[in-house]
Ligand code: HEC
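One chain follows as structure tokens, the form predicted alone.
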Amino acid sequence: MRILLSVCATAFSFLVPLSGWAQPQEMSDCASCHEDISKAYTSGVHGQAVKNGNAGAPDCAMCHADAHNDAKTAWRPSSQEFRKAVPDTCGMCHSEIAEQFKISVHGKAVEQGIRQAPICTDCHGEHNIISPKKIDSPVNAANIRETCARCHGDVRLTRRFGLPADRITSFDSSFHGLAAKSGSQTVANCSSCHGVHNILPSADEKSTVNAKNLPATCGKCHAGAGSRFSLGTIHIAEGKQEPEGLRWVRLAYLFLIPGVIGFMVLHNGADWIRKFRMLRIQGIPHSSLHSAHGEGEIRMLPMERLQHILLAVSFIVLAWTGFALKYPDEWWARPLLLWETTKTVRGVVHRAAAVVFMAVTLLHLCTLIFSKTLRHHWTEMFPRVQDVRETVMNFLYLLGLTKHKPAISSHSYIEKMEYWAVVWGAIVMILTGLLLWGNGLALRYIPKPWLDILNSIHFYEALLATLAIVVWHFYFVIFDPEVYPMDTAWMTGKSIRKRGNN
């Protein structure tokens, strides 16, 4: 009986560590002094493997050897000797990955003795190494940008080693960077293009970002990209390195937007001040500016009102979802991004609104072709020579440079400027939007710098249109004292504004 108990005890002591019921003796010894490190190790993939019975999983001794008794292994973790040995240590189990790392830009830098060069533990962690599939891992798709930015976003490091200083900022401003910032888990990140362990300089023909290999690299997401034209510069930042065409587009809108919106603010501000003085200081009754409800002239026919409603809804949704991509941290963007980690809600809603916007545009064109009544009403929006005179004279009057208010046409320059701005904006936004939507197909037939220019035009045109709606349209249909609190033409077809008071 005593012999049987001895055999059972021996078997139990052998099975306990394999089943994870107890730590190996060397782990217990290390934990007595390195408690925090022991806890971190236990929560990592290596510690979990040991717990699940994997006797071959690395433990303290495998990586650190006998650091207390062997002087050769007593290197400090911060020392160059220790850092240089880490890839070989990890390579004992991950041999194929270690070989890839050694021929990469990072591996070669480590071999040359560059202390700042990243090693395995800089990216994956040291003791609490977490699976890349888990969100807490520094090499999870959601965290790759921050992990790479530790070095490539460090101004001192980029200056010291002659690295491009704009790689992180240019990524952040790209579609990929903006989508990643909003929470997308599927959009391309640094490793999607540059590789993981096998990162090579772009000049190397084996590099995934070499000019010859870019079509294949980008083609993983954008089939056929670069098949006809060179893809050109990928990281684009404002300044000297941006393509010439892109720089001219940006400069043009930087003059156009302040000029146009500035004119609108000056025009409408002067109009409001004059009417405020007339109503509040001179005491003219507010009712004198209005026609009686139901007695105003017809401004919008039923079909035009339907088009206006559809246009307004689609435009508001497009602006909201579009700017949410550009400014994902703003409070008004956050509701759209709640599900962005699993579903591209923002993108789907944006494209659905774009379909409605294009349908309204097509409907408007068809009604002008097939409806004589609508076509006749539409001719009133044709620009005429007298519009120029009315614009100049009324603007001078609003600024106080002339004393007498000029006669203004029923459909004045105010409505015509807005209508034709919508027409122009719709053409630009639809054309650029379709090419950006079908970017994979577009990259087959046009160079990438052209697509970057279209993307810039799409954004700036959206910004100009949104500001124009707020400053110009909202003033004349809501905030203008002649119609406040609202011109009802878009609902009833009849305006409360007296004819000729535009």
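As the structure is a computational prediction, the values presented were derived from the model and not from experiment. A residue's number is simply how far along the shown sequence it sits, counting from 1.
Another form exists, predicted in complex with the ligand; not displayed. Remarks below refer to it.
With a 4.5 Å heavy atom cut-off, would you call Leu451 a contact of the ligand in the predicted complex?
Leu451: contacts the ligand in the predicted complex.
Flag Leu434 as yes or no: does it have a non-hydrogen atom within 4.5 angstroms of any non-hydrogen atom of the ligand in the predicted complex?
Result no; Leu434 lies far from the ligand in the predicted complex.
At 4.5 Å between heavy atoms, is Ser43 in contact with the ligand in the predicted complex?
Contact check for Ser43: no, nothing within 4.5 Å of the ligand in the predicted complex.
Is the gap between Asp59 and the ligand in the predicted complex 4.5 Å or less for some heavy atom pair?
Residue-level check for Asp59: yes, a contact with the ligand.
Residues Gly262, Ala270 and Glu330 are flagged as a possible site; in the predicted complex, is every one of them within 4.5 Å of the ligand by some non-hydrogen atom?
Spot residues vs the ligand: no contact at all.
Select from the listed residues Ser314, Ser412, Thr121, Gln307 the one whose heavy atoms reach within 4.5 Å of the ligand in the predicted complex.
Among Ser314, Ser412, Thr121, Gln307, a heavy atom within 4.5 Å of the ligand in the predicted complex occurs only for Thr121.
Quick check on this chain: which one of Ala353, Ala421, Ile97, Val360 has a heavy atom within 4.5 Å of the ligand in the predicted complex?
Comparing distances to the ligand in the predicted complex, the residue within 4.5 Å is Ile97.
Pick from 381-389, 110-118, 314-322, 250-258: which stretch has non-hydrogen atoms within 4.5 Å of the ligand in the predicted complex?
Stretch with heavy atoms near the partner: 110-118.
If you look in the predicted complex, which residues in 185-214 sit within 4.5 Å of the ligand (heavy atoms)?
In sequence order, Thr186, Val187, Ala188, Asn189, Cys190, Ser191, Ser192, Cys193, His194, Val196, His197, Ile199, Leu200, Pro201, Ser202, Val209, Leu214 come within 4.5 Å of the partner.
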